[in-house]
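Next comes just one chain, in structure tokens: the form predicted alone.
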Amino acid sequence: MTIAQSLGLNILQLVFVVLLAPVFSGIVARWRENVQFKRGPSIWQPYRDLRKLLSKEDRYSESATWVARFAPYAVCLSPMLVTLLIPVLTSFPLFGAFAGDMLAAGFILAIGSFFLTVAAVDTGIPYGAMGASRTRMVGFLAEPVLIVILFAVSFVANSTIPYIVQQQWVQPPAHFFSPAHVLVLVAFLMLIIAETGRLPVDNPSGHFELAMVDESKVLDFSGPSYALVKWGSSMKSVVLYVIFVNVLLAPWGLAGTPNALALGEAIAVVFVKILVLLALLIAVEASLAKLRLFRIAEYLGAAFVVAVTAMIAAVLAP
């Protein structure tokens, strides 16, 4: 495969994540309301919101610096860069696949979160600073979980490169059903819930400022800047979903050859796999209430214990 073909497939993966991220957010919002016996918004509502926001004018606080203006671009670009490192549609590595591992992907995603957190403080509103403080608390507790998960993965697959993990994690099949693999899946699922701001860690549909975590950081954004933040957050969620379903849980159904038919099938398979994961997340949200702020540490502490247990199981595995 030539470099031009590899770059073309990378662009196709990027288009898949960029264009379909809003519809996945719309599906989650619709299903969340459906399980509460409500009608819910259209799954296309995020696209309408983005179009409306992009047609407006940016407004910034008088105390805001360049950080507040740059943060939306960092939030939007960081998941796009990670898309180049992970297997979204293909099971074979593409151009740039070995430029970074899953830990590097975590650091890149953290860049967007860092700038958004700083921008929330930079705007000068008290609720932004409150949300930034809470987000850093969650991030401080979630980052060790990710690191331990990567240690467990490296012990089993002898690598943290997503494409290599995808190929080796289920070979032999005993690895897939091993205690280490099951515990890694549980820990990473708990991490996704925390990183995407879902129940029981946060309530993405809540609008009470004192109870917000992630949403309180963007209260002072408007227009195209707010559109980029919302779009980037949706893409970050999709990237985490893809890592979970394509690298750790079910690394099957991806294109093994660079032909149109295989790529079309891969698009359909990945879409369905993400839908199944979203249904699982909605089921978790529907069965749990939001935790009090001090209980979030207990939740992420439990995720850390699960990840450590997975690492120990991987080390002791024959």
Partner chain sequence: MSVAIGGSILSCAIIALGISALFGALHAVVVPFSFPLLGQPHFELTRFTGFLTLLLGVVALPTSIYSASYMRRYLGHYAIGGFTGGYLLLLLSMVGIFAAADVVSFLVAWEIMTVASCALVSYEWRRLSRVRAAVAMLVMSEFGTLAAILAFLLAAQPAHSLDFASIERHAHSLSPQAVDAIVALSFFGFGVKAGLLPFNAWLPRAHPEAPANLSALLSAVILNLGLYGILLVNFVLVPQGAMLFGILALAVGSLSAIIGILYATIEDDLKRMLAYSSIENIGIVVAAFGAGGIFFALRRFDLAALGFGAGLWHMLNHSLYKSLLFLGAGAIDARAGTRRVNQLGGLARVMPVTALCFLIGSLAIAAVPPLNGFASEWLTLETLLRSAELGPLAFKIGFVLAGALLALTAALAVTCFVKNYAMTFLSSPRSAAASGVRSDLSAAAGIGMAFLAALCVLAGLFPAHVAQVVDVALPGSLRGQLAQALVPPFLVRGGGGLPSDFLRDFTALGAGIGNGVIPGRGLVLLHRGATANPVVFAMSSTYLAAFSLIILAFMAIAVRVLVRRRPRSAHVWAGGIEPIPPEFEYTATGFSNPVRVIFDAIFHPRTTENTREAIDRHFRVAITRDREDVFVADRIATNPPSIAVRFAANAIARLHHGRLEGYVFYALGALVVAIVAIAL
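Numbering follows the first chain given and starts at 1. These numbers were taken from a predicted model, which means no experiment stands behind them.
Quick note: we don't show the form predicted in complex with its partner chain, though the next part is all about it.
- Contact annotation: V284 falls outside 4.5 Å of its partner chain in the predicted bound form, judged by heavy atom distances.
- Contact annotation for K56: at least one heavy atom lies within 4.5 Å of its partner chain in the predicted bound form.
- Remark: V184 does not count among the residues lining its partner chain in the predicted bound form, judged by a heavy atom distance of 4.5 Å or less.
- When contacts are judged by a 4.5 Å heavy atom cut-off, F16 does not count as touching its partner chain in the predicted bound form.
- Contact check at 4.5 Å (heavy atoms) against its partner chain in the predicted bound form: all three of V67, M80 and A132 pass.
- Along 215-252, a non-hydrogen atom within 4.5 Å of its partner chain in the predicted bound form is carried by P224, L228, in order along the sequence.
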